[in-house]
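The chain below stands alone and is given in structure tokens; this is the form predicted on its own.
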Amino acid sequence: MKTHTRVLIFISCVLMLTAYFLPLWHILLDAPQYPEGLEMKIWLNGLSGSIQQINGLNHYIGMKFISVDDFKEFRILPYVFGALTLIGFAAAVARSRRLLWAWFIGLCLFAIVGFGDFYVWEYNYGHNLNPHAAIKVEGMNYQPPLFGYKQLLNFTAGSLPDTGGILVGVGGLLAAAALFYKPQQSSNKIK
């Protein structure tokens, strides 16, 4: 394994460690009655932001209250992500392409399963509404977008990566570069 590959792996792993200190994702709600907007930040092990106000709104439309205790994922994600990051460091230290492949595949699976789980949670929260809610709009669901913006009644809901998510994404791109990028040798070295 070449030096530039090991450097890419180390940088990628360091970027991924930011997931323990920075929020990964955020959901925004903008409406005229909330000029400063409401925001929920999703961390590797919990939630923060305007949870109480969002739960107040959820009550009126019959959506289940958001509680960290309902997400068992927050109890296991730090360990799974930590194990993946350790595999990355091990690949660089041991100069092992086999570990590099295992790390990359693990990261891809983590992303696929993570986004799939996020979508299911959003779907369940947005579709499984209390039929006795104060506000009912026939045919309306309140599932926020997985990525991007969506209009929900008079709210604009946004779902975007936060600082930690962006850095982890860059780390993932560097992991792919470490695996697939092969710098061209100069013509002098080839001879």
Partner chain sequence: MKFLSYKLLVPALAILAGSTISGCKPGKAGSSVDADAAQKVYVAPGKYDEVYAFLSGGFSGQVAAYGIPSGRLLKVIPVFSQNAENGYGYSEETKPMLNTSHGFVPWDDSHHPELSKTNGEDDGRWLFINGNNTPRIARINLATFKTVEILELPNIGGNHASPFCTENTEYVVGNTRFSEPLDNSNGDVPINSYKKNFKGAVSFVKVDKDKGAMNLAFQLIVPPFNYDLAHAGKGPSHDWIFFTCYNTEQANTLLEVNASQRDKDFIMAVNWKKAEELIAAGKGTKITAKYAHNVYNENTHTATSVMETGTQTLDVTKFPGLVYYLPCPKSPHGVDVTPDGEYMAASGKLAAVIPVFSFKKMLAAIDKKQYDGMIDGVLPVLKYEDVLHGEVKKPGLGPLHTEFDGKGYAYTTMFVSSEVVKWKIDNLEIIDRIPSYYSPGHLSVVGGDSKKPFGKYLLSLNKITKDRYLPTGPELAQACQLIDITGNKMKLLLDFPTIGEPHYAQMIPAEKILKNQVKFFKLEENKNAYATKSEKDTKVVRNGNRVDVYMTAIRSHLAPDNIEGIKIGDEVYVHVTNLEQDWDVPHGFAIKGANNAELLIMPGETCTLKWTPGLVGIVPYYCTDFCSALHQEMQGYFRVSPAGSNVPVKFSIGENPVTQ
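Numbering follows the first chain given and starts at 1. What you see is a predicted model, and the numbers here were worked out from it, not measured in a lab.
A second form of this protein, the form predicted together with the partner chain, is not displayed here; the remarks below concern that form.
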Identify, from the list 153, 160, 31, 133, the residue with a heavy atom within 4.5 Å of the partner chain in the model of the complex. 133
Identify, from the list 53, 143, 45, 48, the residue with a heavy atom within 4.5 Å of the partner chain in the model of the complex. 53
If contact means a heavy atom within 4.5 Å, which one of 143-151, 23-31, 61-69, 119-127 is the stretch that engages the partner chain in the model of the complex? 61-69
May I ask you to list the residues of 147-167 that have any heavy atom within 4.5 angstroms of the partner chain in the model of the complex, in sequence order? none
